[in-house]
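Given as structure tokens, the chain that follows is alone and in the form predicted on its own.
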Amino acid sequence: MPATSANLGSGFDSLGVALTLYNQVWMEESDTLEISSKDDVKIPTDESNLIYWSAQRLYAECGKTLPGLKIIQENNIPMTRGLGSSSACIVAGLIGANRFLGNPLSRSDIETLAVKIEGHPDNTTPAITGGLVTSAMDGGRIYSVTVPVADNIRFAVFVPPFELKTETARGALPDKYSRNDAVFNLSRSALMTSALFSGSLENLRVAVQDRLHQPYRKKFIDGYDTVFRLSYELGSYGTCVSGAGPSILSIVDAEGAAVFEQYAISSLEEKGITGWRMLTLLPDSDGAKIFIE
């Protein structure tokens, strides 16, 4: 299940992209519940585990009862860092459960159910489909279009040593926005989709601009201004908060990715920002995959 970055600056709750960082999940039908991890990441091992909970939800949608599961997780996507770790778990549970039942739900059905669980489509849908995804909800269903990201684009992700829960980040947002702010974001989110699809890097500095969520969330991200400023000094074409944060995403080309890998973290440390790490990722074009052993 790929990591995902949502919003991409201007596309609040509507744009998302799948990235080449993956969680792996082994699932086996069982009469009991047994959950374990292949790494040292602490995960719920009871029915609150999001993979199991999502699988159970799909069974219920199909009028079935899930007695138990054997689940083994490998958690490579950092949790509560704005890279879609919860969406990866939801998608894993849904796709695995659907496979056990003989695939009664279509991909569109799974996308819609995933949004019902997650609450918004900008992470779960690209985790399922891969690529760059524009999504909208209407009448309880998800409508989405997936396009590939241009070959010249890379994503450099600054991952901080602290967490930011989505509920906290969402709680900081206002209930209403002005028409000017709405138009500002609408125009830039359309530009973002076109720029990432076409590889028009020169448009990204404008396309990431946002008035709907980042100004209200920056207070939760220690080092926010320093990381943004440094990213542009290192050659980012566009930088934004990844999802609800606290990770920060810079859009670069292949040469820029090498520069970020070499200088980003040491430059932050020189400025007194410590504990961060850098992930240089490509867009994932395939989305979630099932392997049968």
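From a predicted model like this one, the values you see are computed outputs, not experimental measurements. So that there is no doubt, residue numbering starts at 1 and follows the sequence shown.
Here the subject shifts to the form predicted in complex with a small molecule, a form of this protein not shown in this document.
A.B. asks: Check residue 166 for me: does it contact the small molecule in the predicted bound form (non-hydrogen atoms, 4.5 angstroms)?
C.D. replies: Yes.
A.B. asks: Report yes if any heavy atom of residue 1 sits within 4.5 Å of a heavy atom of the small molecule in the predicted bound form; otherwise report no.
C.D. replies: Although the small molecule is absent here, residue 1 would stay clear of it in the predicted bound form, with no heavy atoms inside 4.5 Å.
A.B. asks: If we define contact as a non-hydrogen atom of the residue within 4.5 angstroms of the partner, is residue 154 a contact of the small molecule in the predicted bound form?
C.D. replies: Contact with the small molecule, no.
A.B. asks: Does the small molecule get within 4.5 angstroms of any non-hydrogen atom of residue 123 in the predicted bound form?
C.D. replies: Flag for residue 123 set to yes.
A.B. asks: Pick from 116, 205, 170, 211: which has a non-hydrogen atom within 4.5 Å of the small molecule in the predicted bound form?
C.D. replies: Looking at the other structure, the residue within range turns out to be 170.
A.B. asks: Which among 266 to 274, 20 to 28, 6 to 14, 281 to 289 is in contact with the small molecule in the predicted bound form, heavy atoms within 4.5 angstroms?
C.D. replies: It is the stretch 6 to 14.
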